[in-house]
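Below you will find one chain, with nothing else, as structure tokens; this is the form predicted alone, and questions on how it binds or moves follow later.
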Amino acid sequence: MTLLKPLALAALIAFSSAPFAQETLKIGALVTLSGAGAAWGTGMQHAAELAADDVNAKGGLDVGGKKYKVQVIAYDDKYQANEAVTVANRLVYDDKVKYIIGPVGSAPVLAIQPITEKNQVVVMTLGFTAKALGTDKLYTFRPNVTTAEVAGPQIEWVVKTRNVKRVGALFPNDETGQQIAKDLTTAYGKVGADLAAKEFFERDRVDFVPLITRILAAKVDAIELDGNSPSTAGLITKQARELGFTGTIIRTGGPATQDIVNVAGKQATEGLLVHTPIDPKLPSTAAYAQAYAAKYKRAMNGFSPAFYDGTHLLFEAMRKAGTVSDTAKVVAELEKIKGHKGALGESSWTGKAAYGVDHQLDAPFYVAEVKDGQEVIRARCTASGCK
């Protein structure tokens, strides 16, 4: 056996460590990994990891002449505001992150913003509340469309094509549920339908029979699932069908179809009308779904591509700003990005009219009908309408 001489050994070590030049960029994933919202949070965490894989496979993220290996640090907020605050403190003060993917919920994002905004930490949240974005929250972005963006065009299409007149709905009794109830009441009212019965409940509830019974007593011809976690929406669907409800079941926002089918079964979900932010046949979306399934051995949640694109938008903004540490410069570049081509197709930032800042992603979305457990797209939508 021939031993390498010291200089040759040193050169070999330097060569083997060259791709990342010893610089690490930490990205926090403050998401829900347990409980009813785990499907969303896991999809967001994996989205950030897949985006990190992309740049790491090329030798790292090239910013300002340096190469950074991207490391995703994930923590579970359990979809609770107090847990989210604990995790945010850990990420910001202990792990020293300047970028966070998450949180999932509205209450958690509102709870952590005093920490993240004060420390100029860029946040990519899923939280649906309108209060998440604003001129006083310049470091918060939302890379997914919400009920506020999709409800009008989708509900107009559903009411006109499916003759829906009276709707009942069950909402979580929190910031997310309250906001979605307001948005849906307005959207149904604008097109001549009536959100005639509303029930609010705590997120850990699993028996919905008493609430559904009251809704059915209001003689509704449709039940709305928007705002509920995938597993909760599945339970409501299953229990509504067991009570004999044969009308239309609608999910205006929040991709969750596969999880709903898994809980409720194919028979109970046949004909369900759902919002979906993705067209599985779009080549870029199909490629992402394939990569996700290859790594994690399961189908992605529909929100995941938005956070894959959101993480790549962050990387692009860092490259253009020439810094990973000066987040004010990164935010300035992030806001300028238009026509980004990612897993969702082509998207840009919008939102100034509604929120005062262009921190809301503008991307196409779809209405699908569930047939034999699978989504079949029935309408293609933008903010101006569905057809």
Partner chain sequence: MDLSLLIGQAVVNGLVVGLLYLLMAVGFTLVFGVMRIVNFAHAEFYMLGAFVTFICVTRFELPFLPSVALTLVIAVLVGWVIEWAVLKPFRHDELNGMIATIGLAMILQNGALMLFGPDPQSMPSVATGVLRLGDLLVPNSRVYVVLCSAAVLLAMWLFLRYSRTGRALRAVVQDIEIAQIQGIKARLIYPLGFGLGVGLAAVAGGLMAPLFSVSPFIGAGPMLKAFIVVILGGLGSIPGAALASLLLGITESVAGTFLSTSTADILIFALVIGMLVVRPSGLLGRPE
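Predicted model, so just to flag it, every value in this text is computed and none were measured. Positions refer to the first chain, counted from 1.
If you look for the form predicted together with its partner chain, you will not find it shown, but the lines that follow are about it.
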Report yes if any heavy atom of Thr42 sits within 4.5 Å of a heavy atom of its partner chain in the predicted complex; otherwise report no. yes
Taking 4.5 angstroms as the cut-off for heavy atoms, does Arg214 touch its partner chain in the predicted complex? yes
Taking any heavy atom pair closer than or equal to 4.5 Å as contact, tell me whether Leu235 reaches its partner chain in the predicted complex. yes
Wondering, does Val357 line up within 4.5 Å of its partner chain in the predicted complex on heavy atoms? no
Heavy atoms within 4.5 Å of its partner chain in the predicted complex: which stretch in 204 to 212, 89 to 97, 311 to 319, 107 to 115 meets that? 204 to 212
In the predicted complex, does each of Gly59, Lys295 and Thr323 have a heavy atom within 4.5 Å of its partner chain? no
Answer key, its partner chain contact in the predicted complex at 4.5 Å (heavy atoms) among Thr161, Thr185, Asn262, Ser284: the residue is Asn262
Can you pick the one in Thr129, Thr248, Ser231, Thr276 that has a heavy atom within 4.5 Å of its partner chain in the predicted complex? Ser231
Residues in 221 to 258 with any heavy atom within 4.5 Å of its partner chain in the predicted complex: Ser231, Leu235, Lys238, Gln239, Glu242, Leu243, Gly244
